[in-house]
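Take a look at this single chain, the form predicted on its own, given in C-alpha coordinates.
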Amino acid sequence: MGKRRKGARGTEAKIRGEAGSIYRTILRRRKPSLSLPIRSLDNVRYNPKVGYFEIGRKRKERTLTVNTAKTFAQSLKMMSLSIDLLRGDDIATKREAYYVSKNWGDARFDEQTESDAVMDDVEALFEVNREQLGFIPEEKGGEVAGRLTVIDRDPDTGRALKIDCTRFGSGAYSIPISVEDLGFRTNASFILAIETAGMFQRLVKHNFWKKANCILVSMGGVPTRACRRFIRRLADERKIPVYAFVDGDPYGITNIYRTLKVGSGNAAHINKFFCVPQARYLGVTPQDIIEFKLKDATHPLKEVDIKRARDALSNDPFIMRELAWQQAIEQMIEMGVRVEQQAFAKHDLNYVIDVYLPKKLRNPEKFLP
(Lines give C-alpha, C1' and ligand atoms only; values in the text may rest on other atoms or scores of the structure.)
Protein backbone atom coordinates (compact mmCIF):
# COMPACT_ATOMS: atom_id res chain seq x y z
CA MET A 1 0.00 0.00 0.00
CA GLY A 2 1.36 3.44 -0.95
CA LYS A 3 1.23 6.65 1.01
CA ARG A 4 -2.39 7.62 1.68
CA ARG A 5 -3.61 10.74 -0.07
CA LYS A 6 -3.88 13.95 1.90
CA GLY A 7 -6.99 14.13 4.09
CA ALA A 8 -7.97 10.48 3.48
CA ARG A 9 -8.33 9.67 7.19
CA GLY A 10 -10.55 12.68 7.79
CA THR A 11 -12.82 11.80 4.88
CA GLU A 12 -13.00 8.17 5.98
CA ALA A 13 -13.95 9.29 9.49
CA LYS A 14 -16.81 11.40 8.12
CA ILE A 15 -18.19 8.47 6.13
CA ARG A 16 -17.90 6.07 9.06
CA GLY A 17 -19.60 8.60 11.32
CA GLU A 18 -22.60 8.90 8.97
CA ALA A 19 -22.80 5.12 8.54
CA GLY A 20 -22.69 4.64 12.30
CA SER A 21 -25.55 7.11 12.76
CA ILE A 22 -27.67 5.23 10.20
CA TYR A 23 -26.90 1.92 11.92
CA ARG A 24 -27.92 3.23 15.32
CA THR A 25 -31.15 4.66 13.90
CA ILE A 26 -32.04 1.28 12.43
CA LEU A 27 -31.32 -0.45 15.76
CA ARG A 28 -33.88 1.89 17.33
CA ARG A 29 -36.36 0.67 14.69
CA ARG A 30 -36.62 4.09 13.09
CA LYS A 31 -36.33 5.04 9.43
CA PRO A 32 -32.82 6.32 8.66
CA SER A 33 -32.41 9.35 6.40
CA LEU A 34 -29.73 11.36 4.63
CA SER A 35 -29.93 15.16 4.60
CA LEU A 36 -28.56 16.41 1.29
CA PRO A 37 -28.11 20.02 0.10
CA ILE A 38 -30.07 20.94 -3.02
CA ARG A 39 -27.57 21.48 -5.80
CA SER A 40 -28.96 24.16 -8.13
CA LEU A 41 -28.53 27.82 -9.00
CA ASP A 42 -31.71 28.52 -7.00
CA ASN A 43 -29.92 27.41 -3.84
CA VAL A 44 -26.70 29.41 -4.02
CA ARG A 45 -25.64 32.77 -2.69
CA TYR A 46 -22.87 35.02 -3.94
CA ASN A 47 -20.94 37.22 -1.53
CA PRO A 48 -18.18 39.25 -3.23
CA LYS A 49 -16.15 39.12 -0.01
CA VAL A 50 -16.06 35.33 -0.24
CA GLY A 51 -15.68 35.35 -4.01
CA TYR A 52 -17.57 32.26 -5.11
CA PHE A 53 -21.01 30.64 -5.11
CA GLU A 54 -21.84 29.09 -1.75
CA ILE A 55 -24.48 26.45 -1.19
CA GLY A 56 -27.69 27.73 0.40
CA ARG A 57 -29.76 26.27 3.23
CA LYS A 58 -32.30 24.33 1.16
CA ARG A 59 -31.95 20.59 1.69
CA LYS A 60 -33.70 17.41 0.69
CA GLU A 61 -34.25 14.42 2.94
CA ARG A 62 -33.63 10.96 1.54
CA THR A 63 -35.51 8.73 3.99
CA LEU A 64 -35.50 4.95 3.70
CA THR A 65 -38.91 3.88 2.39
CA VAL A 66 -40.17 1.27 -0.02
CA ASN A 67 -39.89 3.79 -2.87
CA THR A 68 -36.39 5.00 -1.94
CA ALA A 69 -34.84 1.70 -0.89
CA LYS A 70 -32.78 1.31 -4.06
CA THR A 71 -31.40 4.87 -4.10
CA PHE A 72 -30.71 4.72 -0.36
CA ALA A 73 -28.82 1.45 -0.79
CA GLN A 74 -26.87 2.88 -3.74
CA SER A 75 -25.81 5.85 -1.61
CA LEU A 76 -24.51 3.54 1.12
CA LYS A 77 -22.73 1.31 -1.41
CA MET A 78 -21.07 4.37 -2.98
CA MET A 79 -19.89 5.43 0.48
CA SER A 80 -18.52 1.93 1.05
CA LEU A 81 -16.69 2.00 -2.28
CA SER A 82 -15.10 5.30 -1.27
CA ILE A 83 -13.88 3.73 1.99
CA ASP A 84 -12.27 0.89 0.02
CA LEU A 85 -10.51 3.34 -2.30
CA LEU A 86 -9.23 5.51 0.53
CA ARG A 87 -7.96 2.59 2.59
CA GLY A 88 -6.25 1.02 -0.44
CA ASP A 89 -4.82 4.35 -1.69
CA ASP A 90 -6.60 3.62 -4.97
CA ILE A 91 -8.76 5.56 -7.41
CA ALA A 92 -11.75 4.89 -9.65
CA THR A 93 -13.05 6.88 -12.59
CA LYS A 94 -16.74 7.71 -12.69
CA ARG A 95 -17.14 5.10 -15.41
CA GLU A 96 -15.35 2.45 -13.35
CA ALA A 97 -17.55 3.20 -10.34
CA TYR A 98 -20.59 2.62 -12.53
CA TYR A 99 -19.30 -0.81 -13.55
CA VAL A 100 -18.32 -1.73 -9.98
CA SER A 101 -22.01 -1.36 -9.15
CA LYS A 102 -22.82 -4.30 -11.41
CA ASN A 103 -21.76 -6.46 -8.43
CA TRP A 104 -24.27 -4.76 -6.12
CA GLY A 105 -27.23 -6.95 -7.01
CA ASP A 106 -30.52 -5.05 -6.92
CA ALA A 107 -28.65 -1.87 -5.98
CA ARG A 108 -26.72 -1.76 -9.26
CA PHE A 109 -27.04 1.27 -11.54
CA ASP A 110 -28.77 0.86 -14.90
CA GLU A 111 -27.18 4.01 -16.41
CA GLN A 112 -24.07 6.02 -15.56
CA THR A 113 -26.17 9.16 -15.15
CA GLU A 114 -27.69 7.50 -12.07
CA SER A 115 -24.25 6.62 -10.72
CA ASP A 116 -22.95 10.14 -11.31
CA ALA A 117 -25.93 11.68 -9.50
CA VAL A 118 -25.46 9.50 -6.42
CA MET A 119 -21.72 10.22 -6.43
CA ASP A 120 -22.49 13.96 -6.49
CA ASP A 121 -24.93 13.51 -3.60
CA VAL A 122 -22.29 11.72 -1.51
CA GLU A 123 -19.81 14.47 -2.34
CA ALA A 124 -22.31 17.12 -1.20
CA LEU A 125 -23.29 15.16 1.91
CA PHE A 126 -19.74 15.19 3.28
CA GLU A 127 -18.79 18.60 1.85
CA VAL A 128 -15.65 17.26 0.21
CA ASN A 129 -14.64 17.14 -3.41
CA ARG A 130 -14.99 13.95 -5.44
CA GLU A 131 -11.24 13.44 -5.62
CA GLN A 132 -11.07 13.32 -1.82
CA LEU A 133 -13.49 10.39 -1.98
CA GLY A 134 -11.19 8.54 -4.38
CA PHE A 135 -13.22 9.21 -7.53
CA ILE A 136 -11.59 10.91 -10.49
CA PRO A 137 -12.93 12.40 -13.74
CA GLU A 138 -12.35 10.92 -17.17
CA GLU A 139 -11.50 14.20 -18.85
CA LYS A 140 -8.07 15.72 -19.33
CA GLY A 141 -7.13 18.50 -16.95
CA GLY A 142 -5.73 21.13 -19.33
CA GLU A 143 -2.27 22.15 -20.54
CA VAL A 144 0.40 24.48 -19.19
CA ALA A 145 3.40 26.28 -20.66
CA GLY A 146 5.66 29.04 -19.42
CA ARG A 147 7.58 30.13 -16.37
CA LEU A 148 6.62 27.38 -13.96
CA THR A 149 8.28 24.34 -12.43
CA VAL A 150 5.83 21.75 -11.13
CA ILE A 151 7.05 19.55 -8.26
CA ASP A 152 5.51 16.08 -8.49
CA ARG A 153 6.49 12.74 -6.94
CA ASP A 154 7.82 9.54 -8.47
CA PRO A 155 5.12 6.96 -7.60
CA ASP A 156 7.72 4.20 -7.14
CA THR A 157 10.42 5.97 -5.12
CA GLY A 158 8.56 8.94 -3.65
CA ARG A 159 11.34 11.24 -4.81
CA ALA A 160 10.56 14.72 -6.05
CA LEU A 161 10.16 15.18 -9.82
CA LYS A 162 10.80 18.69 -11.10
CA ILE A 163 8.89 19.40 -14.31
CA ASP A 164 10.02 22.56 -16.11
CA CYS A 165 7.11 23.91 -18.17
CA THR A 166 9.47 25.96 -20.36
CA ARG A 167 11.06 22.81 -21.77
CA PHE A 168 8.29 21.13 -23.72
CA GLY A 169 9.28 22.54 -27.10
CA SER A 170 6.14 22.94 -29.17
CA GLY A 171 4.15 20.89 -26.64
CA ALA A 172 2.98 21.53 -23.09
CA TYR A 173 2.66 19.98 -19.62
CA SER A 174 -0.63 18.15 -19.09
CA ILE A 175 -2.38 18.86 -15.80
CA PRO A 176 -2.98 15.54 -14.01
CA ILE A 177 -6.41 14.49 -12.80
CA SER A 178 -5.38 15.06 -9.17
CA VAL A 179 -3.31 18.12 -8.28
CA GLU A 180 -3.53 18.23 -4.48
CA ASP A 181 0.03 17.09 -3.81
CA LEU A 182 1.80 19.17 -6.47
CA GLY A 183 4.30 21.89 -5.57
CA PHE A 184 5.10 25.03 -7.58
CA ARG A 185 8.09 27.24 -8.28
CA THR A 186 7.70 30.33 -10.41
CA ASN A 187 8.70 33.95 -10.83
CA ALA A 188 5.89 34.64 -13.32
CA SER A 189 3.95 37.88 -13.10
CA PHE A 190 0.54 36.36 -13.86
CA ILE A 191 -1.41 33.34 -15.11
CA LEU A 192 -3.21 33.67 -18.44
CA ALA A 193 -6.11 31.18 -18.68
CA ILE A 194 -7.07 30.70 -22.34
CA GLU A 195 -10.33 29.25 -23.64
CA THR A 196 -9.29 27.66 -26.93
CA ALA A 197 -6.52 25.18 -27.64
CA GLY A 198 -5.79 26.96 -30.93
CA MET A 199 -5.06 30.30 -29.26
CA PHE A 200 -3.03 28.55 -26.57
CA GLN A 201 -0.91 26.88 -29.26
CA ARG A 202 -0.30 30.20 -31.01
CA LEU A 203 0.93 31.81 -27.80
CA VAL A 204 3.14 28.79 -27.07
CA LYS A 205 4.50 28.69 -30.63
CA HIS A 206 5.68 32.29 -30.36
CA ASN A 207 6.87 32.05 -26.74
CA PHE A 208 4.45 34.69 -25.50
CA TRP A 209 5.08 33.45 -21.96
CA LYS A 210 8.70 34.55 -22.29
CA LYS A 211 7.80 37.98 -23.63
CA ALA A 212 5.16 38.58 -20.95
CA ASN A 213 6.82 36.61 -18.11
CA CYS A 214 3.71 34.56 -17.49
CA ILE A 215 2.21 31.08 -17.23
CA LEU A 216 -0.15 30.00 -20.01
CA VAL A 217 -2.98 27.58 -19.20
CA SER A 218 -5.25 26.07 -21.84
CA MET A 219 -8.76 25.55 -20.45
CA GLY A 220 -10.11 23.86 -23.58
CA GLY A 221 -13.61 25.30 -23.17
CA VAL A 222 -15.29 25.07 -19.76
CA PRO A 223 -12.29 24.23 -17.54
CA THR A 224 -12.28 20.84 -15.84
CA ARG A 225 -12.19 20.57 -12.08
CA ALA A 226 -8.52 19.59 -12.21
CA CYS A 227 -7.71 22.63 -14.35
CA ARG A 228 -9.56 25.01 -12.03
CA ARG A 229 -8.01 23.45 -8.93
CA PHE A 230 -4.54 23.69 -10.48
CA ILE A 231 -5.00 27.39 -11.26
CA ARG A 232 -6.48 28.09 -7.83
CA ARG A 233 -3.69 26.36 -5.91
CA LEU A 234 -0.99 27.96 -8.07
CA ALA A 235 -2.49 31.45 -7.72
CA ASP A 236 -3.01 31.08 -3.96
CA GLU A 237 0.38 29.64 -3.14
CA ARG A 238 2.48 31.88 -5.39
CA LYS A 239 0.35 35.03 -4.88
CA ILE A 240 0.01 35.87 -8.58
CA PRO A 241 -3.02 37.23 -10.47
CA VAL A 242 -5.14 35.25 -12.93
CA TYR A 243 -6.44 36.74 -16.18
CA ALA A 244 -9.00 35.00 -18.39
CA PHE A 245 -8.90 35.27 -22.18
CA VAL A 246 -12.05 33.80 -23.74
CA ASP A 247 -14.46 34.38 -26.61
CA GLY A 248 -16.66 37.43 -26.28
CA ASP A 249 -20.04 35.71 -26.29
CA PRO A 250 -22.66 34.82 -23.66
CA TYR A 251 -21.36 31.25 -23.36
CA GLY A 252 -17.76 32.35 -22.87
CA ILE A 253 -18.80 34.84 -20.21
CA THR A 254 -21.59 33.08 -18.32
CA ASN A 255 -20.36 29.50 -18.60
CA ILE A 256 -16.60 29.39 -19.12
CA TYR A 257 -15.48 32.50 -17.22
CA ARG A 258 -18.23 32.38 -14.58
CA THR A 259 -17.41 28.73 -13.82
CA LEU A 260 -13.70 29.53 -13.52
CA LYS A 261 -14.25 32.48 -11.18
CA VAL A 262 -17.21 31.66 -8.93
CA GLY A 263 -18.17 28.09 -9.81
CA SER A 264 -21.56 26.67 -10.72
CA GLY A 265 -24.90 26.14 -9.03
CA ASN A 266 -24.94 22.35 -9.09
CA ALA A 267 -21.43 22.22 -7.60
CA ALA A 268 -21.87 24.98 -5.03
CA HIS A 269 -21.01 22.60 -2.20
CA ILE A 270 -17.42 22.31 -3.49
CA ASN A 271 -16.88 25.65 -5.29
CA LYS A 272 -14.55 26.70 -2.47
CA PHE A 273 -12.07 24.12 -3.80
CA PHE A 274 -12.45 24.62 -7.55
CA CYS A 275 -13.19 28.25 -8.34
CA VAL A 276 -10.65 31.04 -8.77
CA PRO A 277 -12.13 34.14 -7.06
CA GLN A 278 -9.09 36.26 -7.90
CA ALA A 279 -9.59 35.77 -11.66
CA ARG A 280 -10.25 38.85 -13.78
CA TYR A 281 -11.66 39.00 -17.31
CA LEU A 282 -9.06 40.32 -19.76
CA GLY A 283 -11.25 39.81 -22.82
CA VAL A 284 -12.61 39.58 -25.39
CA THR A 285 -15.12 42.27 -24.34
CA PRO A 286 -17.88 43.97 -26.36
CA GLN A 287 -15.88 47.19 -26.05
CA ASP A 288 -12.87 45.45 -27.63
CA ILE A 289 -14.93 45.02 -30.80
CA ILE A 290 -15.09 48.79 -31.08
CA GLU A 291 -11.59 49.69 -29.90
CA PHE A 292 -9.82 47.08 -32.02
CA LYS A 293 -12.09 47.51 -35.07
CA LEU A 294 -13.43 43.96 -35.15
CA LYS A 295 -17.05 44.67 -36.18
CA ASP A 296 -16.67 43.00 -39.59
CA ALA A 297 -15.12 39.93 -37.91
CA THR A 298 -18.07 39.27 -35.59
CA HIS A 299 -21.08 36.96 -35.82
CA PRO A 300 -24.72 37.81 -35.10
CA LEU A 301 -26.04 36.69 -31.73
CA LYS A 302 -28.31 33.65 -32.05
CA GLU A 303 -31.56 33.31 -30.14
CA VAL A 304 -29.87 30.92 -27.69
CA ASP A 305 -27.14 33.54 -27.11
CA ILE A 306 -29.66 36.27 -26.34
CA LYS A 307 -31.61 33.99 -24.02
CA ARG A 308 -28.45 32.98 -22.16
CA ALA A 309 -27.45 36.64 -21.78
CA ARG A 310 -30.87 37.73 -20.52
CA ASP A 311 -31.06 34.76 -18.14
CA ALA A 312 -27.71 35.81 -16.67
CA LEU A 313 -28.94 39.37 -16.14
CA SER A 314 -32.05 38.22 -14.30
CA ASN A 315 -31.01 34.96 -12.59
CA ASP A 316 -27.24 34.70 -12.16
CA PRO A 317 -26.24 35.77 -8.61
CA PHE A 318 -22.74 36.76 -9.78
CA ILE A 319 -23.84 38.88 -12.74
CA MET A 320 -26.63 40.45 -10.68
CA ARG A 321 -24.08 41.68 -8.12
CA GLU A 322 -21.57 43.07 -10.63
CA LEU A 323 -22.69 46.29 -12.36
CA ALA A 324 -19.73 46.23 -14.77
CA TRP A 325 -20.84 42.84 -16.06
CA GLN A 326 -24.45 43.93 -16.39
CA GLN A 327 -23.31 46.88 -18.52
CA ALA A 328 -21.04 44.70 -20.67
CA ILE A 329 -23.77 42.13 -21.33
CA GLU A 330 -26.33 44.83 -22.11
CA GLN A 331 -23.80 46.33 -24.54
CA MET A 332 -23.37 42.93 -26.21
CA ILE A 333 -27.14 42.51 -26.59
CA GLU A 334 -27.48 46.03 -27.99
CA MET A 335 -24.65 45.45 -30.49
CA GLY A 336 -26.21 42.11 -31.43
CA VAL A 337 -22.91 40.37 -32.11
CA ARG A 338 -20.43 37.96 -30.58
CA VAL A 339 -16.70 37.77 -31.21
CA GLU A 340 -14.13 34.97 -31.06
CA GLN A 341 -10.52 35.08 -29.85
CA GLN A 342 -9.34 34.37 -33.38
CA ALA A 343 -11.05 37.49 -34.78
CA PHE A 344 -7.83 39.48 -34.28
CA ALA A 345 -6.34 37.49 -37.19
CA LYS A 346 -8.31 39.91 -39.35
CA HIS A 347 -5.47 42.38 -38.80
CA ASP A 348 -2.61 39.88 -38.72
CA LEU A 349 -2.10 36.30 -37.50
CA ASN A 350 0.06 37.55 -34.63
CA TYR A 351 -1.83 40.77 -33.93
CA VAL A 352 -3.10 39.24 -30.70
CA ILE A 353 0.51 38.73 -29.55
CA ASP A 354 2.04 41.93 -30.87
CA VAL A 355 -0.76 44.41 -30.19
CA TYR A 356 -3.89 43.21 -28.37
CA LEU A 357 -2.49 41.37 -25.34
CA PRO A 358 0.37 43.83 -24.66
CA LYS A 359 -2.04 46.77 -24.81
CA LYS A 360 -4.60 45.12 -22.54
CA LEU A 361 -1.99 43.94 -20.03
CA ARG A 362 -0.77 47.49 -19.48
CA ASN A 363 -4.03 48.22 -17.62
CA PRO A 364 -5.19 45.13 -15.71
CA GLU A 365 -7.10 47.36 -13.28
CA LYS A 366 -9.57 47.95 -16.12
CA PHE A 367 -10.36 44.26 -16.58
CA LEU A 368 -13.92 43.17 -15.87
CA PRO A 369 -14.38 41.58 -12.42
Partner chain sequence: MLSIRRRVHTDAARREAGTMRKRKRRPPRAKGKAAAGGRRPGRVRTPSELGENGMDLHQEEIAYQMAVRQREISVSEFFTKNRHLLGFDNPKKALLTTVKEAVDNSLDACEDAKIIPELKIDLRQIGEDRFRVAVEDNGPGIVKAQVPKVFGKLLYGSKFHTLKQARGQQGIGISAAGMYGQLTTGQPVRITSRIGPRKPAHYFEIRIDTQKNAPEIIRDEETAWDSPHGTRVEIELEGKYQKGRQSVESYLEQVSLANPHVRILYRDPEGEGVVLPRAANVLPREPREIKPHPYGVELGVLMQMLKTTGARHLKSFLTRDFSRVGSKVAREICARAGLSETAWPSRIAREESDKLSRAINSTKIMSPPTDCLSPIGEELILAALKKQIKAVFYEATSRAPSVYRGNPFLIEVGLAWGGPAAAAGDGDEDPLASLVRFANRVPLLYQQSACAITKAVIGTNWRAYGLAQARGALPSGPLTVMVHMASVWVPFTSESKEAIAHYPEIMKEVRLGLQDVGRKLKAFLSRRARIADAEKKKAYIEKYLPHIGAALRDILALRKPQEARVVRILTRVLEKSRKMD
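Not measured: the values here are computed from a predicted model. Residue numbers count along the first chain shown, from 1.
What comes next is about the form predicted together with its partner chain, which does not appear here.
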item	value
Contact residue in the predicted complex, from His206, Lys94, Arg87, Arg238 (heavy atom within 4.5 Å of its partner chain)	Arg87
Heavy atom within 4.5 Å of its partner chain in the predicted complex - the one residue of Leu64, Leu301, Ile329, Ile55 that qualifies	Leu64
Non-hydrogen atom within 4.5 angstroms of its partner chain in the predicted complex for each of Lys31, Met79 and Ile83	yes
Proximity of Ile15 to its partner chain in the predicted complex, heavy atoms at 4.5 Å	yes
Partner proximity in the predicted complex: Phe72 to its partner chain, non-hydrogen atom cutoff 4.5 Å	yes
Any non-hydrogen atom of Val355 within 4.5 angstroms of its partner chain in the predicted complex	no
Contact of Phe190 with its partner chain in the predicted complex (heavy atom, 4.5 Å)	no
Which of 23 to 31, 338 to 346, 43 to 51, 306 to 314 lines the interface with its partner chain in the predicted complex (heavy atom within 4.5 Å)	23 to 31
